[in-house]
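Given as structure tokens, the chain that follows is alone and in the form predicted alone.
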Amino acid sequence: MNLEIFERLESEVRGYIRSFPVVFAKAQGATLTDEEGRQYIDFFAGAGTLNYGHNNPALKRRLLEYIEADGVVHGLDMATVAKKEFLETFERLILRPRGFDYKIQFPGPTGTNAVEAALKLARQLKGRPNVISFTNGFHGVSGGSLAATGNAKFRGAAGMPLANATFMPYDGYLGEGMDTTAYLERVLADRSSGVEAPAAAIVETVQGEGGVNVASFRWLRALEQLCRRHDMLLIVDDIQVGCGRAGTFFSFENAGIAPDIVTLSKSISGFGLPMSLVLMKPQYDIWAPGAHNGTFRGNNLAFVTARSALQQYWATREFEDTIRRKANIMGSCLEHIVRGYPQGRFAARGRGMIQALTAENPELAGRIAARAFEAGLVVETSGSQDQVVKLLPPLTIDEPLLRRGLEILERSAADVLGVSRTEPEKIRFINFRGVR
């Protein structure tokens, strides 16, 4: 595989190409094909951007029709038919059935744009610069969002002091049975704690880049109540685990909370096109016209595919049932690896179709992911020490292909550990002939 042009011309900042050192040529559904014709099962899905798979036929058809009809492509924040139809569909299929009343802002094309806008809005509303973020949280790599991001690798590249964010322990950070919201409550109640009164708390219900750390619903409810007591806004960053990834459209639905502000990106466009949203309770929409803008906040092609994805998958609750069934398959396989390979000292965790195998020895996770790629599975690692193999298959993946990818993962773990494969007791893996 010739990567010379990338090595010669592309910046050293490139990352995923180092984990997946091939030249990809085609993609369809949950498979990628390299320029030599080899197929790979995709358990990466564009870091959660492709919940509905690569080149989803229904979404692609609507997009091509729109382009062929000379629909508006670039519209800044002007009114267009594509934006109008997306807004109408989002309200009808997502907001109203869930009882949510949010205004919608189109801040810019990426997740960090949405986080920047959310933090700026919260600070305007409360007149206070400080925000509470959480250990191992990831919210983006531009200035404000990076200040709220815990990952040392990204923070170390900032080139400037990162301020106006105070980190608190996430659920489970201090060990099982420790309620970290009680610690936060104590700090905020003590005006001599050294922590400035915050405008907001920003949180991921499942920390993706942080290692698939899952907050309990009880902890999320306690955090919401704490925010109310201390006059703080609750911002939920649903950029990676929203749009169905955690099992429901919004990851926080089953927790019974109502965030003041929600950020969405990644899979909101449905097709991998740049798009992000900030949802805010109507009373918090205090923006002056043009006070936050961006050249590419009106990606009409993304509006078209986003609307199509909502119509295709969220008109009923049936899609959630399929996510739940596939999540159970994933969880069963990971638990089998945990039990069947005790020498690996693995643990499994996750929610919905973001699940993970975490290794006590961080090096082990990287070796398993590399071996899996050699065997035809694209899967990444995450966590503070890259100790977690993170599974993000498209939500639309066929069950036989899902099982085949899980089989590759298990065989890779066995190979790396140098042991014979332990036959699963309850899972019947189905062969997928397209992967060599």
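Nothing here was measured: the structure is a model prediction, and the numbers come from that model. Residue indices: 1-based, along the sequence shown.
Omitted from view is the form predicted in complex with a further copy of the same chain, to which the following refers.
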At 4.5 Å by heavy atoms, is each residue in 58, 340 and 374 next to a further copy of the same chain in the model of the complex? no
Counting only non-hydrogen atoms, choose the one of 352-360, 317-325, 75-83, 222-230 that falls within 4.5 Å of a further copy of the same chain in the model of the complex. 75-83
Identify, from the list 38, 367, 411, 26, the residue with a heavy atom within 4.5 Å of a further copy of the same chain in the model of the complex. 26
Picking from 273, 309, 234, 255, the single residue whose non-hydrogen atoms come within 4.5 angstroms of a further copy of the same chain in the model of the complex is 273
So in the model of the complex, is a further copy of the same chain close enough to residue 123 to count as touching (4.5 Å, heavy atoms)? yes
Might residue 196 be said to contact a further copy of the same chain in the model of the complex, defining contact as any heavy atom within 4.5 Å? yes
Residue 336 within 4.5 Å of a further copy of the same chain in the model of the complex, heavy atoms: no
Using the partner position in the model of the complex, report whether residue 132 sits within 4.5 Å of a further copy of the same chain, counting heavy atoms only. no
Going through 96-111, which residues have a heavy atom within 4.5 Å of a further copy of the same chain in the model of the complex? Please give them in sequence order. 96, 102, 103, 104, 105, 106, 109, 110
